[in-house]
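In the block that follows, a single chain appears as structure tokens, in the form predicted on its own.
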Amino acid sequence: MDEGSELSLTIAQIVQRLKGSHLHSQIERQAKECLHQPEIKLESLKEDVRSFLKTSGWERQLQNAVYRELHVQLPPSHPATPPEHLKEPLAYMRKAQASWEKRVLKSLNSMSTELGVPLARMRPAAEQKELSNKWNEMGTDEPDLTSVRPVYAPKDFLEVLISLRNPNHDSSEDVGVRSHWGLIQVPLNVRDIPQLRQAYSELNLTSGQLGIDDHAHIHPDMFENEYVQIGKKVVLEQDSAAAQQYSRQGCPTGLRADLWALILNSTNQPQDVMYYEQLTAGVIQHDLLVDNLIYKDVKLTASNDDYYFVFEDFLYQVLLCFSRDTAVLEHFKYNSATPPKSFIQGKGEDEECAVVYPPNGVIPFHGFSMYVAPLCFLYNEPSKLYSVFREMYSRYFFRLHSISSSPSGVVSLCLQFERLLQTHLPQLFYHLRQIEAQPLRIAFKWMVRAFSGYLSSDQLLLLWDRILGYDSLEVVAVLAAAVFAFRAENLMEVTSLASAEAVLADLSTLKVMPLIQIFLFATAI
């Protein structure tokens, strides 16, 4: 397909998607209303209406909506391509993802049978009233969760990734220095340091960075003050693309919430608030088995975290609403996963009676609530917090727990981490491998949560600035390798997996940006 037809196909798809949106009807209404204004002339109607929409800010909103669609758009392809090939081009990855989904759903169904709890039930009126009354303080009184266990933990998922093999790839062909050192044995193309330097040029040693220059003994006039002024202009202009570019050097604390919402094109208009309230009503009316998984996960993770325990109620609200949100199903068009289905009770196992369960198609796993927790520092209004989290999940976080060949997918991140370590710290990699402390076994839990719950909250937000700025999770793999490089001297002394884990147990004192900068730009190639 040539470039011209690719572009026209992309434009047609975006127009089609935006036609049914709330923004489309708002712009249409504004265009009709402006016809009554004296400056709109019949002979130059088209130009005058366009100029009105530009000056009144609607054109910018449309640009931001188009920019968002480009981020979640499937790559242009031949019209006859089957949809599952668009979601994931490699057959062995699709097969592995399908069998993993079966395993997770089986685990959920067996929990339902063991506990004698249905997957979903209507709450009695008294229970609805009680939940409604304590909606803002759910942390004080949750159900008995002793018999509820997480459906899976990151280490279970890692075992699946380790067992991945490409049936068409004969690994004996390239037996060499680097072949079998790591745990991930699939041939995917991942970037090495020279390519990463090019891609992440704004992070180089000569550019000002929030996370470095604001902490050093440098006068604020040298970088920080001017940088904050530029940030204020970006927010004022309401331009998603400019906000994304700006975020590459970090977001000032006071502007971060606005900048992230702008990058994600996440709005908090009356209709968004109303939609959130409808989801809340859905939680109050129906009880789902996955609610117990959410309660349990928050109790096991965020509630025990020094930074996040205060947000317990927010986490319940956002995650319970998220599990009911069918708009999340949209992301399965470009996610290698398929939403799990269950059968309506009493209807038998007829395909027509199968419904997506949970309604958003995402079964929460151990640590899932940590995707939301850091956002609670930025947004204190539940509806706004919710819309930003949903957009973050649909763009980035889903890739951390689904099997795919995407460069931002968890398989590529694991491979990239191992390759970076193997190429630039071969002695360390070999030593850890010899004592059966494979580096990925330690780093996987950090990467699958995008470091949430491992770094201090201010450092984590600086890392996530760069994920949004570069529209990629690659920087997570780079940081994981940089952490090993930073602690290399101590790790060379360890003699077991347990002692290696002890050396890397506490990352809360680490400074993210100096580590990434030194690893990318001060490592000898």
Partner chain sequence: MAQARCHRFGQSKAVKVYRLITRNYEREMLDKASLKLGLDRAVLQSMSGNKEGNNNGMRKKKSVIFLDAKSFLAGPAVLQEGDRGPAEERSLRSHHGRERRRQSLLLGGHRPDPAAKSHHHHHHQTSGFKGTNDYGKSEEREGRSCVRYKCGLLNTIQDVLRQRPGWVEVKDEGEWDFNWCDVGWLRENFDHSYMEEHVRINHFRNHYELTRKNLMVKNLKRYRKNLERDVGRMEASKCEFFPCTFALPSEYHLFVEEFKRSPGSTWIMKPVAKSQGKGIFLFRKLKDIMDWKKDGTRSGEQKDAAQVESYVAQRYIENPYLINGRKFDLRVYVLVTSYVPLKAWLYRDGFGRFSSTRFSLSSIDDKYMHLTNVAVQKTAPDYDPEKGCKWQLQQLRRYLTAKHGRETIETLFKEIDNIFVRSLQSVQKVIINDKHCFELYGYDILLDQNLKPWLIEVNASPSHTPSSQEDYEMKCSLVEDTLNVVDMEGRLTGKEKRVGGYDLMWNDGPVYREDVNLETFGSACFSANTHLGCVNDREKQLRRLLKPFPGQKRM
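Positions refer to the first chain, counted from 1. These figures come from a predicted structure and were not determined experimentally.
Form predicted together with its partner chain: not shown, discussed below.
Think of it this way: in the predicted bound form, its partner chain has a heavy atom of just one of K333, K341, K232, K95 within 4.5 Å, and the residue is K232.
When its partner chain is considered in the predicted bound form, only one residue from Y454, F223, Y393, Y379 comes within 4.5 Å through any heavy atom, namely Y379. Using a 4.5 Å heavy atom cutoff, none of P154, S402 and P426 lies near its partner chain in the predicted bound form. By the criterion of a heavy atom within 4.5 Å, N304 is counted among the residues contacting its partner chain in the predicted bound form. Although the partner is absent here, A242 sits far enough away that none of its heavy atoms falls within 4.5 Å of its partner chain in the predicted bound form. For the chain shown alone, L145 is not a contact residue for its partner chain in the predicted bound form, no non-hydrogen atom being within 4.5 angstroms. Taking non-hydrogen atoms only, G254 approaches its partner chain to within 4.5 angstroms in the predicted bound form.
Of the stretches 286 to 294, 370 to 378, 415 to 423, 158 to 166, only 370 to 378 has residues with a heavy atom within 4.5 Å of its partner chain in the predicted bound form. The partner is not shown here, but in the predicted bound form the stretch 294 to 326 reaches within 4.5 angstroms of its partner chain through a heavy atom at S303, N304, D306, Y307, F309, V310, F311, E312, D313, F314.
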